[in-house]
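Coming up is one lone chain in structure tokens, specifically the form predicted alone.
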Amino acid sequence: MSFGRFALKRSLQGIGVVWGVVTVVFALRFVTPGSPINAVAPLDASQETRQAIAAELGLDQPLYVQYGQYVFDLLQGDMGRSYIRGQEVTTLVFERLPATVELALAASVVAIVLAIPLGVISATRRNEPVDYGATLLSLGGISTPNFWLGIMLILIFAVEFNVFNTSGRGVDVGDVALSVINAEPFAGTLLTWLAYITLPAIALGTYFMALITRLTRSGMLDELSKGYVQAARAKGLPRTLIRYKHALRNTLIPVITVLGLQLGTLIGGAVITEAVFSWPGLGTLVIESINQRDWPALQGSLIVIGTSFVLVNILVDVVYAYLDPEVVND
């Protein structure tokens, strides 16, 4: 199979998955208790008023008609209008999306910066105290719920020591970049950004960090036991060169794949973390929409999260196939 056909196949599979996401999200409105009309109609609304609202929202139409109209509108970029806010859902969702992507990328940076060096050190000092410590840390990171970790971080670093902010976004990374581009003093903006994003990034990225640490450690152990490493040692090459230029480079191939796949997971998994820190992203919008029974906003948020996950997976598959052509023939 050629690379082009492989990319086309993955893209078509992705379209099928997105269609499945849209269908499931649409069906959720009809299998959950209560009616969307309750979110719009006054508590003392008459039956005639409720029927008029149903007709205005298209809820009096047969299910297949509503589904067809919903898919048709989505293809035109129309996700409907929020029941509570009165805004176009497309505008509402894409206003929140940058904050979620920023948090997911920040969590990825935290995880990568900590995990890869920790995994390498753990592998090169196997069965030593640092190896046991890294293993214990990764086990704790995988086992700790991010919402509990977030609450503990708030209590310690925000309430007790008053070092970081507990909620909100403050400024975004674009403000920091704009200050740098315009050659303006950016230290204050950067510190403000770090004060708001550090704790949620740590809470969201801890599981990811633990996963990458274990993956890096096992990959390095596998590479260090291979013949080319033994041959390099026999030639007298420096130990550092063998570890970091040869063994680590080969170890990072599966790590990069997991990094891409986990980025989509982080975008979807940010819901609870955003709720804990009141981070104004898609996760917070999902929680607010559930509480308010704002179905258009909830459906739009879930579709964008699901589509983002699918797009990231497709991109990772295509890039991996480009780097390793053998994947195309599997």
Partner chain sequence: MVSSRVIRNLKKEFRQSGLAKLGLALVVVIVLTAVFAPFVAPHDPTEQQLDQSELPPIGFSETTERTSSEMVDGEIQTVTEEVEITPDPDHVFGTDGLGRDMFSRVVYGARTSLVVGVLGTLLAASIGVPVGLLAGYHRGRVDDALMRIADISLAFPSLVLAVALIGLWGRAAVNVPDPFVVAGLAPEMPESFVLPITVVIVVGLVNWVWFARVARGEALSLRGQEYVKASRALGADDNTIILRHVLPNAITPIIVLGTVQVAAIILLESSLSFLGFSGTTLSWGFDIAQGRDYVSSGQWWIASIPGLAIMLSVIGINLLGDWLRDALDPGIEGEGGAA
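Numbering follows the first chain given and starts at 1. Just so we're on the same page, rigid core means the largest C-alpha set that superposes within 1.5 Å between forms. The structure displayed is predicted, hence computed values, not measured ones.
One more form of this protein should be noted, the form predicted together with the partner chain, which is absent from this view; the next part is about it.
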* Though only this chain appears here, would Gln61 touch the partner chain in the model of the complex if you measure heavy atom gaps against 4.5 Å? -> no
### Query
Heavy atom to heavy atom, is Val271 within 4.5 Å of the partner chain in the model of the complex?
yes
Does the 4.5 Å heavy atom contact test between Leu57 and the partner chain in the model of the complex come out positive? no
### Message
Residue-level contact is defined here as any heavy atom of the residue lying within 4.5 Å of the partner chain in the model of the complex; does Pro36 satisfy this criterion?
### Response
no
Of the candidate stretches 111-119, 238-246, 194-202, 155-163, the one with residues having heavy atoms within 4.5 Å of the partner chain in the model of the complex is 155-163
Near the partner chain in the model of the complex, with a heavy atom at 4.5 Å or closer, the residues from 205-237 are Tyr207, Leu211, Arg214, Leu215
_Is the shift of Gly58 between the shown form and the other one large enough to count as movement, that is, does its C-alpha move by 2 Å or more after the core is superposed?_
no
Relative to the superposed rigid core, does Leu285 relocate between the shown form and the other one - that is, does its Cα move 2 Å or more? no
* For Ile305, is the CA shift between the shown form and the other one at least 2 Å following rigid-core superposition? -> no
